[in-house]
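The C-alpha cells that follow cover one protein chain in two forms, given apart as structure 1 and structure 2.
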Structure 1
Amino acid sequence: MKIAVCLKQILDPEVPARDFKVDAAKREAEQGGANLVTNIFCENALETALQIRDAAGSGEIVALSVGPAGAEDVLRKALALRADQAVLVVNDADTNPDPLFVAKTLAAAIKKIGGVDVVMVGREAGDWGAGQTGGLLAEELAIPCISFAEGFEPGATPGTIKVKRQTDAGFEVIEAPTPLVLTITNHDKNVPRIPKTRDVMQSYRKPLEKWTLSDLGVDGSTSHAYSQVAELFIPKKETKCEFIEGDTVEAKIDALAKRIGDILRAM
C-alpha cells in the first residue's frame, strides 16, 4: 500500500486574535513574530497513515507539499516521523494560489510519484480554510473522494478499503475501490505523535526531492484562474461582557441562575 500525504505549511493558527494582523493591500496575513507550522489536519493525516503502516507491518508513505522553499520544514518533520519519501514542489511565485491550482499541481506530482493507492489530505487548511483541495484533486485524478475520514482498513475484496468517516449525526463506514482520495479529520485516535530527537536529527540526512512547476508541466500563470481574494480585513465585533458580581459564590450563582432562567422563560 502506497499512501501519499499532502502537507501544507501555514501561519501558526494558535496566534491569538490580539496579535493577528493583515496586510489589506497584499490581501494576506502578516507573519509578525508567528511561526510557520504544518497544518494540523495534515498532521492528523500523517499520523493516520503512520498507524496504518504500523498495523499492516508494511507500506510506503510519501509526504508531499507545494509551497515556497521554506516549506521544506514540514517535510523534514514528516521524515522525522518516518515518512519514507518526501517531495516538495517549489512554488515561490505565489504565496496563496487558488485551490484548483494547488490540486492540479498535486495531481501532477502524484502521477509522477506513481503507484499511489491512497491520497490523504487534511479536511481543510487552518489558514484559508478552503476545504476544497481533496475534492478537486480527486476530480483531477478521476478517482473517488471520501471526506472527514478517520482512517481505513483493508476491504472485503482486494483493491478496496473500508473507510470510517464522520458525519453530522455520527459516522459511516464506506467501502471504496483504490486509488482514491481521503480528506482526514481530527479524532481522539489520530492526535499527532512527537518525533524522537534522534529521528529529527536523521531527517536532515534523508533525501528530499524538489520539483519545479515546469518539471510537472504546470503553468504558474494560472494560479488565480479559479478564484482570488478580493478583500481581506479583520472584522470589528466585540461584545461588552457583563461580569456577574456578588459578595459570595452563592450570590453569584443566584444571579447567574436568574439571568439564565429569564432567557429560558422568554423562549
Structure 2
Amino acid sequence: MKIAVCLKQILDPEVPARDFKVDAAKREAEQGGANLVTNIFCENALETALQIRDAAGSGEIVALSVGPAGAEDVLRKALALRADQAVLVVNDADTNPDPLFVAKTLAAAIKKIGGVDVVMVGREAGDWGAGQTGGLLAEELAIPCISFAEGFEPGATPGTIKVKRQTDAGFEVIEAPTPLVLTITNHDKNVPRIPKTRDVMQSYRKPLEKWTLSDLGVDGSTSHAYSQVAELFIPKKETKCEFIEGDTVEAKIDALAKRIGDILRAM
C-alpha cells in the first residue's frame, strides 16, 4: 500500500501571547523569535501511517509538503522517522495561500507521484484551523474523503480499508474502496514518536525531491482566488472594576442588583 502524508509547517502555536505580533499589512502573524514546527495533526497522520506500515510489514510512505524552502525541515523529520520518500513543492511567493490553492497543488503533486492508495492529512492546521484542505483535496482528486479518522486497517474486501472515525455521538467504522483521503485526528494511540539522533543525522543524507509550482502546472497567482484575509488583529480586552457601596450588607445587595439591572437595560 502506498500512503501519501501531507505535512504543513506552521508557527509554533505554543508561542506566548505576549510575543504574538501581526505584520504591518495585518494579514499574518510575524515569526519573530518563535519556532516553525510541524502541525501536530499532520504529525498524528504521519504516526498513523508509520503504524499501518509497521503492522503490515510492508508499504511505502511518501511525505509531501507545500511551502517555502524552509519547509524542508518538516520533511527531513519525516525521513528521520523512516518515511520512504519526501517531496517539497516550493512556494516562496505566498506564505499563507488559501485552502483551495493548497488542495490543488497537493492534488497535482499526488498525481505526479502516482499510485497512491491513501492520502492522509491532519484534520486541521494549528495556525488558522480552517480544516478544509482534506475535503477540497478529495474533490480535486475526485475520490472519497473520510474525516476525523483515527486510523484504518485492511478491509474484508480486497482494495478496501476499514476506517474508524470520531463523531459527536461516539465512533463509526466505515469500509471504503481506495484510493481515498483521510483527515486524521488525534487520540491516545497516534501520539507522534520521537526520531532517534542517528536517524535525524542520516535523514540529511537521503534524497528530497523539490518541485516548483510550474513543474505541476499550478498558477501561483491563484493563491487567494478562494478566500482572502481581510484583516488580522489582536483583540484588546478591557476590564473595569466598580466597588458597590452601602452601609449594610442588604444595602450593598440592593445597589448591586440595581447596577446589574442598569447594565442589562443598556445592552
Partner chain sequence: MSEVVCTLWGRAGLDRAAQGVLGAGRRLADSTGAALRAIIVGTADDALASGAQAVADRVVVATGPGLEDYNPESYLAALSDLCKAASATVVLLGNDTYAQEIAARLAHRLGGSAAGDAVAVHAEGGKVRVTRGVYGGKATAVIELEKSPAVVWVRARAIEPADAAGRGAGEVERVTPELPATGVKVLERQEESKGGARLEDAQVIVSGGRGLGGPEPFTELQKLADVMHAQMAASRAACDAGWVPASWQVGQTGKKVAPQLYLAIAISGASQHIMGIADSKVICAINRDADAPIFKHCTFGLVEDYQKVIGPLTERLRSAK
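Residue positions are counted from 1 along structure 1's sequence. Residues that one form lacks are left out of the comparison. Between two forms, the rigid core is the largest collection of C-alphas that superpose within 1.5 Å. Treat the numbers as computed from the prediction; the structure is a model and nothing was measured.
Remark: structure 1 matches the stated condition (the form predicted in complex with the partner chain). A displacement of 2 angstroms or greater separates the C-alpha positions of residue 239 between structures 1 and 2, with the rigid core held in common.
Once you line up the core between structures 1 and 2, the Cα of residue 12 stays within less than 2 Å of where it was. Considering only residues present in both forms and aligning them on the rigid core, one finds just one run of three or more residues with C-alpha shifts of 2 angstroms or more between structures 1 and 2, namely 236-267.
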